[in-house]
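First comes one chain, alone, set out as structure tokens in the form predicted alone.
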Amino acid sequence: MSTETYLDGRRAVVTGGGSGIGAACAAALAARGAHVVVADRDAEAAKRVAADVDGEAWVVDLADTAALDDLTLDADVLVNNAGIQRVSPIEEFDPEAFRLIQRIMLEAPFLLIRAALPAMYARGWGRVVNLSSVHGLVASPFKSAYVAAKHGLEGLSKVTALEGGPHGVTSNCVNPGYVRTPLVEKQIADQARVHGIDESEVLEKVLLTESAIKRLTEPAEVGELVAWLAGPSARMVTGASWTVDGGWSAR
């Protein structure tokens, strides 16, 4: 089997796959031969990306975690990517928004991993890739819910690695800095407000200030790393956090 099709016959589930990093992951995995299930609450976006990668759409609202309690998930590769963001000081942070972020970005990944592991164990092979963030390793002000969820995801990923290792299942985090996605673009007005600067200054003075490489990461760059982690060269790679942050976390 060539390296280009090392996922032939494998089934990959990508959450938040309707746009941004998720869509890039879907494309990269499909290019390696995987049949990709594009999971997103936006039905049209999921169907569009699924059509692009010759996969299938799964319309699901990951905020409704109770609906995932009894889920059985047939996946060789699970990419937990779905996420949202809120930017606000702690004392002004809406409690329900905090809870929502934990549900989507920590509870849902736990429940999806829980649903996928039995089939992975039965086959003796599985890959869990959790889209964390540089904020899974360090913190920034005004992002208490996001940082808390990503730090929790890091721990969940490591436990999955320890439990899954004897069964042929690896689990890793991918930790981008700011990526050129709708999620980042939507932050610009909020970042300008909390930092007291103009929106035109946000990229230079907030988003890229800690990065040694002064540009946004492209979604495809993240997708390629995810695909590598699912491949044969990464068989001994587990319980790790892979930064794609332009040097941010080197500080």
Ligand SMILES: NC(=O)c1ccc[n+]([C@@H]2O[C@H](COP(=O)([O-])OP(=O)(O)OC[C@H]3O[C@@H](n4cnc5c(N)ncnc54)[C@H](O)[C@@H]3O)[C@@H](O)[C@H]2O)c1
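All values reported here derive from a predicted model rather than from experimental measurement. Numbering starts at 1 and follows the sequence shown.
The following text describes the form predicted together with this ligand, which does not appear among the structures shown.
Heavy atoms within 4.5 Å of this ligand in the predicted bound form belong, among the stretches 169-177, 118-126, 86-94, 155-163, to residues of 169-177. Contact annotation for Ala149: none of its heavy atoms lies within 4.5 Å of this ligand in the predicted bound form. Residue contact with this ligand in the predicted bound form: Asp42 places a heavy atom within 4.5 Å of it.
Contact between Leu225 and this ligand in the predicted bound form is not found at the 4.5 Å heavy atom cutoff. The shortest heavy atom separation between Gly196 and this ligand in the predicted bound form exceeds 4.5 Å. Residue in contact with this ligand in the predicted bound form (any heavy atom within 4.5 Å), chosen from Ala67, Ala189, Ile213, Leu183: Leu183. Contacts to this ligand in the predicted bound form (heavy atom within 4.5 Å) from stretch 121-141: Leu131, Ser132, Ser133.
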